[in-house]
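Single chain ahead, written as structure tokens, the form predicted alone.
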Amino acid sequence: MNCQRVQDNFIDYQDGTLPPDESATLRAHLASCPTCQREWSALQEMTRKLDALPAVEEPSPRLREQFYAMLETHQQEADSVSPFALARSRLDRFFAALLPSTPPLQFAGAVAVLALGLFAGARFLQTPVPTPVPTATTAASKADAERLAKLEQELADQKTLMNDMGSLVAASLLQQKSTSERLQTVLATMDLKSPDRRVLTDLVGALALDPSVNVRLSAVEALAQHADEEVVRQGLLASLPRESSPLVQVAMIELLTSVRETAAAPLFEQLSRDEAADKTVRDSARRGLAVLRTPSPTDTLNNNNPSNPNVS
């Protein structure tokens, strides 16, 4: 007999119900096994403590009567009829008569209700139309249009200023006696390295209003070395549309092209398509337009320079 079986038989051995031969074997094992001796001692100690507990007090007859009275009350409440039982029963019968009782009909009814819900949702719950978000392309087009409108306004203002200023300068030039004298005046400015703004204004006025083609052509040559000045560029842009001589037109187109004046592109475009203009003027305008649309070596160098912060 091993320890586990010996310990399983402790209760029967203690109650005296274990057979005599097994009791003799248990006693022999218990005499030689310290582990089973500790378990037997613990069982004896627990039994002794349980025997020392006070006896449980029997419930009094009064407590028994109260318990049965409470049980009777709960039983009566459970058996009483609820005031809502009749209405609930009628509702149950109504829905039982209205709704189908067989599974196929119940499934068909559920499908019909689902279809009705989808139709009502599509009919009455309209999805709000999202407001179109301005894209980067739209913003860029708007910026280009605003820049073009601003440029056209500046050009119109310069034309007005040129007309007012040119009238005064032309009046001064026309007061001279002959074309040769006005021409000599224009040619004399070519020797000036840094003419003041008044001299440049007089040359622009001669370009715009002098009746002599030679004087206007000489004015273009005199202004060429000062084409980096803003007043000169604006004077050329204002004078080109009113110029009638092909020689002067070509000279102004070549000058504006040489300084890559991008504001001249619309004028070049207009002259290149003007069938009334001289052929040499149209061809020169086309060449100038092609040059303005081609990136300059300086722009290409700046675009290839990653350290240039102004290049996008």
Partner chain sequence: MSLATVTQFRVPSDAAPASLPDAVDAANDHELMIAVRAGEVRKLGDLFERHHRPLYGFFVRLTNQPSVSEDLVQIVFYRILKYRHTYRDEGKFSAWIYHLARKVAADHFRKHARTPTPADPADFHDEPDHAAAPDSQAGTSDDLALMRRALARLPEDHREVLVLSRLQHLNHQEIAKLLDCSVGAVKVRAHRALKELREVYFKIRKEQAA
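C-alpha atoms forming the largest set that superposes within 1.5 Å between two forms make up the rigid core. What you see is a predicted model, and the numbers here were worked out from it, not measured in a lab. Numbering follows the first chain given and starts at 1.
Keep in mind that the form predicted in complex with the partner chain is missing from the display, and what follows is about it.
* **Non-hydrogen atom contact Thr47 with the partner chain in the model of the complex at 4.5 angstroms** => Flag for Thr47 set to yes.
* Would Arg90 count as touching the partner chain in the model of the complex under a 4.5 Å heavy atom rule? -> Outside the cut-off, so no.
* Give a yes or no for Ala97: in the model of the complex, does one of its heavy atoms lie within 4.5 Å of a heavy atom belonging to the partner chain? => Flag for Ala97 set to no.
* Does the partner chain come within 4.5 Å of any heavy atom of Asp51 in the model of the complex? -> Yes, Asp51 lies within 4.5 Å of the partner chain in the model of the complex.
* Since the chain is shown here on its own, which stretch among 273 to 281, 254 to 262, 240 to 248, 30 to 38 would lie within 4.5 Å of the partner chain in the model of the complex, judged by heavy atoms? -> So the stretch in question is 30 to 38.
* To do: Identify which of Glu152, Glu146, Glu181, Glu72 has a heavy atom within 4.5 Å of the partner chain in the model of the complex; exactly one of them does.
  => Contact check passes for Glu72.
* **Core-aligned C-alpha movement of Gln75 between this form and the one not shown, 2 Å or more** => Yes; Gln75 is a residue whose C-alpha shifts (by 2 Å or more) between this form and the one not shown when the cores are overlaid.
* Does superposing the core leave Leu18 with a CA shift of 2 Å or more between this form and the one not shown? -> The answer is yes; the displacement is at least 2 Å.
* Asked: On a core-based superposition, does Arg287 travel 2 Å or more at its Cα between this form and the one not shown?
  -> Where the cores coincide, Arg287 shows only a C-alpha shift between this form and the one not shown that is less than 2 Å.
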